[in-house]
Structure formats: C-alpha cells, structure tokens
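As structure tokens, one chain now follows by itself in the form predicted on its own.
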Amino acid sequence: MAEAEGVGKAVVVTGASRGLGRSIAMDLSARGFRVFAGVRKAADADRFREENLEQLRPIMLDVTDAGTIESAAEEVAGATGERGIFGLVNNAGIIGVYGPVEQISMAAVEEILRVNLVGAMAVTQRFLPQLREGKGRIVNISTTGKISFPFASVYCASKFGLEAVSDALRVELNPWGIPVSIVQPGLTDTEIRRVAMQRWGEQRGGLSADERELYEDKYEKLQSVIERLEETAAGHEYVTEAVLHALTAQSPKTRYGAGPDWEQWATLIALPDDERDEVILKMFE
C-alpha cells in the first residue's frame, strides 16, 4: 500500500548525506516517492548521482545557509511546478560536541541550535508554500526531545525546542490540513555520538589541568557508557518505517517512538525527576 501511495509524490529530506537521512531518502525513493535529498557537499551529491536512482535527486541544501535554502526551494519548485511537495522531512541535525554546561563553548552552543532548531524552522518556513500546494505533511526527527542527558544538554535543548515548534506548528497549520508528526528514534546506529565524544576530547585539550580535572571521571565514564550503548544500537528500519507511516497514513500520529528500546525510554521519561536522575546517575557509576 505504501508503495502505491508514494508514486510521484515529492518529498524533501534534509541532512541526507549519511546516517538516518540517507536511509530515509533511499527508503522513500525505493517506495516510489520522488525524493529531493538535501546535502551540503558536492561530493555527497555526486555519490547519489553515481547510484543512478531514478526517483532520487540530490539538491544542495545547508540548513544554516539562507542562500542554499532559497536556491533549493527554487530548484524543487521548478521541478514540481504547481503540484507542490507532499512531504518535508526535517532530519538534519548534529550533537556537535559532548561536554558539561560549565565548559561547553558558546560557539558550540550556537552551532548546535543553529542546525537542529533554527535550521529546521528556516527550511520549514521556506517550503510551506509548496507544502500548501501539495497538501503535504511535515515530519520532524526529534530523538531526545522529551528527556535530557548530562553532557548532551545543548543537543537535548535543541530537540526540546524542535518539539515545542512542532506542537505549535501542528495547530497553526490545521486550517490547511497539513499534519505535523514527530519521530523520536530510540538508540539508533549512527556515528553522531562517536563524533561528539571525539570533539569533547579535542576541546578538553584547550582547558587548564584544573578545569580538566573537574570532569575527568565523568569524561572517562561517558566513553564507557557510549561504548555500551553502541553495542545495542538498532538499525535504521525503525525510523524509516515511522517516517513512511507519517507520510502515508490517512491519520498520521503526532508522535512516533521508533525503536525496539522505545518503551524503556518512555518509562524513563515518565519517572519523577528525582527517580530519573538516580537511574541516569547509575549509568556513570
């Protein structure tokens, strides 16, 4: 049923160069959607072209750059005409860097918020006219948008913000019948956590010995926590299935928990603050 519903319908996917975004773009393309896969680098666009995917077209789209957002929107409009687009999947996102609130740089804070929150809003604003034309839908990839973890505060804040925007947007766009769904992946196999850990290690090099000592134990423990988590990280199929349902279901859900471990996360989210803190603290013992 999903394949028939996808035929010929245009969907824009941001952050499609690798990881979840690439999997989402490839899956939708295989199911008949006409996918415009947003990438930041020409090499990533070339990689898609080399695969000769009939239903997938890479477009240059950096969610932090107003110029590329504008040119991408114009390119998509030129390709789809008055039909507009059926879907916008705001997937582009970064953890950026792990680190304690006390020591994370304001430059890192701004970078993470600019990509994960401001970028998603900028892309949504620009593509909304085309979504109205296509009677389309919006899917926002939120991940940890309901729970915050130590040393990932800014990333979590950006996703909390994306959830807030999604909730408001869902009501604002109701008069036009444009559903807004949030996909909340559980622990999923991506390189994003490893990269963020590496960047924290690099940034620690610029601190004094006393500053490094403050969080030395937690830095080492977080490395161990991430190694354990990576061993159980799920494949991308849980997320791609959730995105597909959000785009094809007659009545899409407002939120999708995507992953075999989602019930565990939901239980943790529902705990009173002090109990949840205890559970998280035990992870660092």
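None of these values were measured; they are calculated from a predicted model. In case it trips you up, residue 1 is the first one in the sequence shown, and so on.
Not pictured, yet referred to below: the form predicted in complex with a small molecule.
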property: The small molecule in the predicted complex reached by all of Arg31, Leu88 and His245, non-hydrogen atom within 4.5 Å; result: no
property: Option touching the small molecule, based on a heavy atom within 4.5 Å in the predicted complex, out of Ser153, Thr190, Thr80, Thr124; result: Thr190
property: Option touching the small molecule, based on a heavy atom within 4.5 Å in the predicted complex, out of Arg49, Lys41, Lys218, Lys253; result: Lys41
property: 4.5 Å heavy atom contact, Gly93 to the small molecule in the predicted complex; result: yes
property: 4.5 Å heavy atom contact, Gly99 to the small molecule in the predicted complex; result: no
property: Distance check, Val165 to the small molecule in the predicted complex, heavy atom within 4.5 Å; result: no
property: Arg18, heavy atom within 4.5 angstroms of the small molecule in the predicted complex; result: yes
property: Stretch from 126-134, 201-209, 99-107, 181-189 whose residues place a heavy atom within 4.5 Å of the small molecule in the predicted complex; result: 181-189
